[in-house]
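Presented below, as structure tokens, is a lone chain in the form predicted on its own.
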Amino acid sequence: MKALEVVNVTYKYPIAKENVLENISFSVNKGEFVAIVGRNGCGKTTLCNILRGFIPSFHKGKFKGNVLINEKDINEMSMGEIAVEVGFVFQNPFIQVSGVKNSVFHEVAYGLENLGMAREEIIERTDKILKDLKMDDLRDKHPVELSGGQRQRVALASVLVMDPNILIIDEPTSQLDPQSTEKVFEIIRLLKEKNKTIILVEHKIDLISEYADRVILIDNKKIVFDDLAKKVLARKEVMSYGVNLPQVAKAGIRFEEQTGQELDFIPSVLKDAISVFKKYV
């Protein structure tokens, strides 16, 4: 069943001369993990804002097309209804922290308070999400004392405590070190195991190859590739669109070029690389 569907979406910012996106169409099934990739400025964040309903509600401009969430047109839903169905994690964790709460526990609980949920349920759900995400050690800390990586985890927890069915995550590790990146992707792994629908914009392609079911590559306002991650991230031409390939895929391509031998397939994850290359060892 489709969790989200984008139909012939075109968008241009108010003062722009050209469209950012043109005639974009795709759908995401429930429980699917889709990564959106492309060079900087290709419209990935704009697409996230469209999927979340920020465009055209807050960001004006010229918008055409339809976005359906669980088969309901997003234009027929209030922002509150969208927030229940779709969680959105921004690229910059510093703008997602409210600034009005004095502890991580109360920051994470803030969204539930805004929904008018009963106090007992707020406490129960906040306690559970902090434990599930292994963040109990942060619960009493003031949000302003946190590192960038910790703030990004708090931002994720603040969204996940709302228990949305669809998560849109826009470059969550762009400002993080490797250790913080690993912790964020551990949370994303847990979400995948819980069968959440995930749409991720990210540049760390080796992590995308490991976690994503499908990859959509955007370039020059349109979708260039939309296929299984292991297929898209094994194509040499992907690099011509400003997107890197996983290290194992590049190794496979170099092997074919240098030896003249054709592999059974170009691997995109390490476990596949081991099975592909073992006959040549």
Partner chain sequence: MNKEKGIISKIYPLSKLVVIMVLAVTAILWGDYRFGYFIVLPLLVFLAALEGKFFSYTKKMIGAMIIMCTFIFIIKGLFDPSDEILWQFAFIGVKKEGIESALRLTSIIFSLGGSILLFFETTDLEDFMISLQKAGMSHVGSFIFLSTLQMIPQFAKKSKVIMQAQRARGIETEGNLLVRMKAFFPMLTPLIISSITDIEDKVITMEARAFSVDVKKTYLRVLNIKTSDYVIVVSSFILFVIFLVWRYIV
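Numbering follows the first chain given and starts at 1. For clarity, every value in this text was computed on a predicted model and none was experimentally measured.
Form predicted together with its partner chain: not shown, discussed below.
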(request) Could you tell me which of 206-214, 120-128, 193-201, 179-187 sits within 4.5 Å of its partner chain in the predicted complex, going by non-hydrogen atoms? (result) 120-128
(message) Quick check on this chain: which one of 146, 166, 112, 135 has a heavy atom within 4.5 Å of its partner chain in the predicted complex?
(response) 112
(message) Under a 4.5 Å heavy atom criterion, is residue 174 part of the interface with its partner chain in the predicted complex?
(response) no
(message) in the predicted complex, does residue 102 come within 4.5 Å of its partner chain, counting heavy atoms only?
(response) yes
(request) Mark residue 74 yes when one of its heavy atoms lies within 4.5 Å of a heavy atom of its partner chain in the predicted complex, and no otherwise. (result) no
(request) Tell me, yes or no, whether residue 96 is in contact with its partner chain in the predicted complex, where a contact means a heavy atom of each within 4.5 Å. (result) yes
(request) Give, in sequence order, every residue of 167-199 that has a heavy atom within 4.5 Å of its partner chain in the predicted complex, or say none if there are no such residues. (result) none
